[in-house]
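Quick setup: one chain, the form predicted on its own, written in structure tokens, and binding and motion questions come after.
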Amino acid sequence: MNKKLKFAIVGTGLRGCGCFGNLLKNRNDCVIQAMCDKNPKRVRFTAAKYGNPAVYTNLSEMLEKEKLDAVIVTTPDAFHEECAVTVLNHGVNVLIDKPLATTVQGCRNIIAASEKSGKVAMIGFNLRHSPVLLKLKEIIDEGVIGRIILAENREFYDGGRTYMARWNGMKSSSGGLWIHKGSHDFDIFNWLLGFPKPRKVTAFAGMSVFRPDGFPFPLEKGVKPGPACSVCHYARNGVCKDAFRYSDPEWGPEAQSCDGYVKDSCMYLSDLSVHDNGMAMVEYENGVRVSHLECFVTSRSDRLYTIVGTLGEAVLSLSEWKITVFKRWTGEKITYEIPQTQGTHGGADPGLLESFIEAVRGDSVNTSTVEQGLLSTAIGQAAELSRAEERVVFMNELL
């Protein structure tokens, strides 16, 4: 019987603990040995929900004191590089949630540390483990729709509005949403297409709704909105339909007093450094063109794909668990019904964790490499540059 793997989680937010913490807690072959977060109150409040593992506010101290098999990094994106390099330099396997880093250079630094350590360094591209997208890749690889020439993905994400209330909505913390959010989708294109080299990128995006002049209700005279949903007059009286509050103590006043981080800041008082809608296009050196749309002003959450090949096209909605193929000349319509699985992100997160554990144990190879993480970040960085400078960005500027 395999020994229990000793894990640590760095960054005790919803992704670190609400996702990976819950998944680890429910496995009998792993144990959460430690948690690390710069906020001492938050890490203690969170650890109490997961059997009270050892808690730390300093990553190096944790790595020196604990005998760990693996670390999961789920800090704000701007700290991924620092944390991943530190973990690898201590000779510990690491799973880094997407994006790998917020810059190409940051990714290169992680790759160098990975090569030196010889440990598993996996990037958390969970969508590759979606049963629907796994079936789509099988269809493409089997040649059902021929040679791919064009692809698009349209993402509508209701929860995306809360980005504007959290660290995700600050480019200094996330690198921008083409990196934080788009890295998922750029990687899926790369993966589906067999990792061709991207040649150029262009992007258009903006903050059209979640801005100080965008409140969807009249403001009362002398009553200011915000600064957070928990104290906002319009949130408490139900006028603001976008209000999103957190009752857990790790996000309450005690934790806020340590670092000033407020998770439910008014999303309409955003700093406008990211976008609430946008479109990005990528052309690869093999001639394939792809487009990705992000919209966070919506009431639904779904990803809609269209993949066009020389023999037909495949159309799917992740939320419908179905792929439809339209053959080019015969007009034949083929429908693939995908069995639904349990787990966050449509069953993709449990698959990601299982893949990492198998790689750590040596039972399988690392299927989501840091080199692939760099490629996704590079496209996202190019999209952010394109938006900012209003031009086409050639990838040889970054790669």
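No experiment lies behind these values; they were computed from the predicted model shown. Start at 1 with the first residue shown and count on from there.
One more form of this protein should be noted, the form predicted in complex with a small molecule, which is absent from this view; the next part is about it.
Legend entry - Per-stretch contact check against the small molecule in the predicted bound form, the hit in 385-393, 372-380, 21-29, 8-16 (non-hydrogen atom, 4.5 angstroms): Within 4.5 Å of the partner lies stretch 8-16.
Inset, instruction - Although the small molecule is absent from this view, report whether Glu152 comes within 4.5 Å of it in the predicted bound form, heavy atoms only. - result: Although the small molecule is absent here, Glu152 would stay clear of it in the predicted bound form, with no heavy atoms inside 4.5 Å.
Legend entry - Touches the small molecule in the predicted bound form: Lys171 (any heavy atom, 4.5 Å): No, Lys171 is distant from the partner.
Legend entry - Interface membership of Thr75, the small molecule in the predicted bound form, 4.5 Å heavy atom rule: Yes, Thr75 is a contact residue.
Legend entry - the small molecule contact in the predicted bound form: Ser355, any heavy atom under 4.5 Å: No - in the predicted bound form, heavy atoms of Ser355 and the small molecule never come within 4.5 Å of each other.
Legend entry - Residue (of Gly106, Gly176, Gly124, Gly278) lying close to the small molecule in the predicted bound form, criterion heavy atoms within 4.5 Å: None of the other options qualify; the answer is Gly124.
Inset, instruction - Could you tell me which one of Arg128, Lys135, Arg166, Lys119 places a heavy atom within 4.5 Å of the small molecule in the predicted bound form? - result: Contact check passes for Arg166.
Inset, instruction - Look at the candidate spot formed by Phe79, Asp97 and Trp251 and say whether the small molecule comes within 4.5 Å of a heavy atom in all three of them in the predicted bound form. - result: Verified in the predicted bound form; spot residues all in contact, yes.
Legend entry - Relative Cα spacing, Arg161 and Gly206, in the predicted bound form - shift of 3 Å or more: Residues separate in the predicted bound form, at least 3 Å farther apart.
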